[in-house]
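Take a look at this single chain, the form predicted alone, given in structure tokens.
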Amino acid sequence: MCYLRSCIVKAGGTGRATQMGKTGEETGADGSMVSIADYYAGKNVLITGATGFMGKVLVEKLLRSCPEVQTLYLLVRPKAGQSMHERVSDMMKCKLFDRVREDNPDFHQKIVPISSELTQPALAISPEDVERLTSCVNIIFHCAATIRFDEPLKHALQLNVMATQQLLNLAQQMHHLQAFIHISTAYANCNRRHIDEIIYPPPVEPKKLIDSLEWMEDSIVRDITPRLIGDRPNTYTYTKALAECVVQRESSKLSIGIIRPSIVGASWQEPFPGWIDNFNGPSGVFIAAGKGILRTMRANNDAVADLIPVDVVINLTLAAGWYTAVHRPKAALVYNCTTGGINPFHWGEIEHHVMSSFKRNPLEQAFRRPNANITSNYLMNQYWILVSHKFPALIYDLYLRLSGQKPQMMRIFNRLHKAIGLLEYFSSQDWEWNSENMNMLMSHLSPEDRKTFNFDVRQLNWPEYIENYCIGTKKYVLNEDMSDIPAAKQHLRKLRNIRYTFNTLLLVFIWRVFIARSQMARNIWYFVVSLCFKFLSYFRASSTLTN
């Protein structure tokens, strides 16, 4: 009944009838290829990871740009004392859905949460829900994964590999499934310098690894993990590579597409510039820099920072779903969703624009004035960590202890150093990604679809994007009001005056302790001062003669 209803909506409810051509492609009544929005009209979509960052944007975009979509089934698990219905309800209250809410206040009626647990057999979906999904789902977007770089290997395998296999098993039972889109990562094969849009041989046979680790204690698995992952930096990239292999093996039975985004950041254009809702990845680093907590980071200034806006990834994902369903490619197509080879931007440039943005739009109650430096030198980085991080943290914690408060700054810095350490691998080197499939997909879109589902990163203006990104962390992550910027700027001026006062007192202290007590030190001091005075006098005289 569910599928029959979707067919009726698709044929008559959108104002444009569609039919299946001889090649299996979905075409309009006039024989032309349907648009992306027309394709999704009347379709039933299953989404995993819908309450995550990318999943939310995917749900919002589908509801807003494909308003005739029939139903969105979201696999959700209860969490932190909330039922799945409460989690979905909270998600839909998010500011992200404001534009959808204006266009269709009843949009929530299209969303159906399905109780599920990715770590359980058969995803813990009830028989009734399995019957419902297998009878009507037309397309699957598999976004769910653990993105923690330091996730224990067993848990990462459960979430990223075994759950993917079980979802594929469910997909094969679906009577009307037209496409299965898997969200991977551009760094699944980061042990290579040049990465094509192909699925590389897995580092190990997934099933053999899972069977081998099943009987091992967690402590043993933890000890052998470094040898297992080899030249990959973490369990995340390792298990994502295994998941791609698992997906590929089902490509003879299902129409499959694989999206490989690089470092996913705030939105570029939709639903509004700079939307972000978490501290993950670059967002946490930006906020730490804006608060004046982060003063140094080990990275290569000349390395490409392969950021990709989340709305670009989602637009490409929806377009890939349309293409996979309509054209039915014989093999799984991989789309490297990156910016480095098309519109590169470097870590040194990011550092400059982030600092500039937070000086124009400062965060409230900053610890220090924003002033971070990037260096690739290990010893220099350690020096600045000691001088700019640990020493100020010790002083501030001492102040907190003396004032009867609980010390916390050293703990914050330790967590920050751990997070930055996990990012060093990606901020210190470059990769080359092939993007032929992404360009091919773009060439198949109509002018209207290219505008509505824009993933052309050549149009991305990086300084403007970084500015909106920083403002987005202020507005949507920290929930700070833009009207408080004058007060935040006043706070920065106060911090600047404190710094000048401290430096002056430090200079006087050094003078009294070292220079005033030594004739040799005074002679050196007077020599340096007189040399500077002579240089200024010479510069002034030269300027006068030139004039």
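Model, not experiment: these values are computed from the prediction. From 1 onward, residues are counted along the sequence shown.
Omitted from view is the form predicted in complex with a small molecule, to which the following refers.
With the partner omitted from this view, the residue of 116, 381, 251, 235 that lies near the small molecule in the predicted bound form is 116 [heavy atom within 4.5 Å]. Checked against the small molecule in the predicted bound form, the candidates 77, 132, 327, 110 yield a single residue with a heavy atom inside 4.5 Å, and that residue is 77.
For the marked spot (177, 257 and 317), a heavy atom within 4.5 Å of the small molecule in the predicted bound form is absent from each of the three residues. Per the 4.5 Å heavy atom criterion, the small molecule in the predicted bound form is contacted by stretch 42-50, the sole one of 478-486, 42-50, 500-508, 59-67. In the predicted bound form, residue 362 stays away from the small molecule, with no heavy atom inside 4.5 Å. Among heavy atoms of residue 336, none comes within 4.5 Å of the small molecule in the predicted bound form.
Using a 4.5 angstroms threshold between heavy atoms, residue 37 stays clear of the small molecule in the predicted bound form.
Taking non-hydrogen atoms only, residue 145 approaches the small molecule to within 4.5 angstroms in the predicted bound form.
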